[in-house]
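Taking the form predicted alone, here's one chain by itself in structure tokens.
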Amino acid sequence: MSSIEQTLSIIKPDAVERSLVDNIKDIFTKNNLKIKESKKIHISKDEASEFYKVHQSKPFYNDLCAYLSSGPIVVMILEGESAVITNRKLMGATNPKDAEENTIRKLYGISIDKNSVHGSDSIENAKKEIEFFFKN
């Protein structure tokens, strides 16, 4: 049985800087993901550290936080059937070199760090991540 889910998507600073927001949003909507909410924000390094806390022990953690807070980002709630998996397929592998053709990271990613997008990796994390950016 399929179900309607919500997931979080972030268009990262490299993609915002290169004016790719509309192109990326088009990929989501053409693949049956509705953009329920969207906002452009600039988060602090402290907020980025909090958001990426799950990666705290990893060697790339500080760079990741510095990067996410380096410029404006667009955060979105995507909704659709199996939204978490659909979004992850659309994004492609973390490293753009390894990503499948026509995925967002293959099309727009610059490097493993500047890979243009973030998406929740599970329904549980999607709930936490949506709450993080869209506390009402």
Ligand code: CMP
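Predicted model, so just to flag it, every value in this text is computed and none were measured. Residue positions are given as counts along the sequence shown, with the first one as 1.
Keep in mind that the form predicted in complex with this ligand is not shown, yet the notes after this line are about it.
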query	finding
is_contact(residue 45, this ligand) in the model of the complex, heavy atom dist at most 4.5 Å	no
Residue 31, heavy atom within 4.5 angstroms of this ligand in the model of the complex	no
Distance check, residue 94 to this ligand in the model of the complex, heavy atom within 4.5 Å	yes
Non-hydrogen atom contact residue 112 with this ligand in the model of the complex at 4.5 angstroms	yes
Contact stretch among 71-79, 48-56, 22-30, 35-43 - heavy atom within 4.5 Å of this ligand in the model of the complex	48-56
Residues from 55-83 in contact with this ligand (non-hydrogen atom within 4.5 Å) in the model of the complex	55, 60, 64
